[in-house]
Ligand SMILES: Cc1cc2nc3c(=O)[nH]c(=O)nc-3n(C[C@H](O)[C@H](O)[C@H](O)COP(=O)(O)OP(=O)(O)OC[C@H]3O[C@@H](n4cnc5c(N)ncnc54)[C@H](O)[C@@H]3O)c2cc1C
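Presented as structure tokens, the chain that follows is alone, the form predicted alone.
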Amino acid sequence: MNDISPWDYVIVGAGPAAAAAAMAIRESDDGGRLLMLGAETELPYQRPPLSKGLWTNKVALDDLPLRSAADWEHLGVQTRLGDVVVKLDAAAKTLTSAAGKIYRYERLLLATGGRARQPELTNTELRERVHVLRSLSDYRRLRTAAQSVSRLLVVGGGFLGAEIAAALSQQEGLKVHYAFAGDAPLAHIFPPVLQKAVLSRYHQARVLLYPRHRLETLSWKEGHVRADFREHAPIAGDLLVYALGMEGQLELAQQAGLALDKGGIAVNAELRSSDAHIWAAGDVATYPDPVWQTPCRLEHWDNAEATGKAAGRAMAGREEPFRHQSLFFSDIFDLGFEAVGRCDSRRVLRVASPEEGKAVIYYGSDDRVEGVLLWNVWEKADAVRAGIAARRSLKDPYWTETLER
């Protein structure tokens, strides 16, 4: 039955941004009718363990949910899961799901996140052997498949590719081949000294590395997945993990005629879109950078939670400019880092090594620090945020005194 009576708040999405928004709304409005619509059948859950902790048994499946069904019920958050929203009529302020259900809203949050980029595959066997990793169902499918093969290829030099190649290499009896377009995994962030350290760690784990391999086509040859690369010989495997990024799910925003920017929904400092009744958060939100005020869109966990919380507060009447500088992080084997700001390996200002096995990398231009990566240095992220917000130059003793001692 269609529920066309108006909801005070509707959230499209059931990821970390949606969860944070729902809880923030309830902080200010404990009586408004609140509905969360999720395309997956799962309640909001942690995504980082899908490529890390679940594979090494540091995290259990039972640990993934952000809150239980009873918790959401107690908060008065109604959920409708497993039925994707396919239509947004901004003029009528209604949403229509794939099952034909219609929901009317007063205030709407688009927290639709992204989908994994996938190659176009026509061969049935090939489709069964090529995997992406974005959702819990993707993880379960890959986990089952990886247990019955001996040779697996990971393609992609970003966060997901780097993490899943490391995680899979620890499975007994599985030989991992890892191809990436740059000189090293995460070469777009890491300076050469860290690229060297990461490559050495993969070699230690007996991962076969293929740098500067740019994927062109995939095919099914003699019972294996064959990956063809520009200017390099093909590589074959029993399975292939396709980790070449994601694309924002912007179909609803486009239907509503919302302004877009940098691959996301353009929002102001309060996360409100060009439609006064619609906000956006998470991977699909492009907002003014809290320090530099230029358009910014990030695809990281901390950013999803922070923008979700800010959007929820704004929807409930507590409109405050978004000031949070989001942190991003990764764990590759026993190596780990946290980073804040604009971290681009083409704009490294200085690499400091306060202790063996640790590093602080400063990024920016003209001695102006715009980003900092903390390599095996912990509990310093807030100090980094403060320094960047104050627009401190690289010559300011604040950096060495705060981060390198």
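Nothing here was measured: the structure is a model prediction, and the numbers come from that model. The first residue of the sequence shown is number 1, and the count goes up from there.
Below: the form predicted together with the ligand, not depicted.
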May I ask you to choose, among Leu209, Val84, Leu260, Ala269, the residue with a heavy atom within 4.5 Å of the ligand in the model of the complex?
-> Val84
Pick from Val198, Ala316, Leu133, Ile235: which residue has any heavy atom within 4.5 angstroms of the ligand in the model of the complex?
-> Leu133
Of these, 145 to 153, 68 to 76, 184 to 192, 324 to 332, which stretch puts a heavy atom within 4.5 angstroms of the ligand in the model of the complex?
-> 324 to 332
Do Gln249 and the ligand share at least one heavy atom pair within 4.5 Å in the model of the complex?
-> yes
Ala39 near the ligand in the model of the complex, any heavy atom under 4.5 Å?
-> yes
In the model of the complex, does Leu239 have a heavy atom within 4.5 Å of the ligand?
-> no
Touches the ligand in the model of the complex: Gly371 (any heavy atom, 4.5 Å) | no
Contacts with the ligand in the model of the complex - residues in 109 to 127 whose heavy atoms fall within 4.5 Å = Ala111, Thr112, Gly113, Gly114
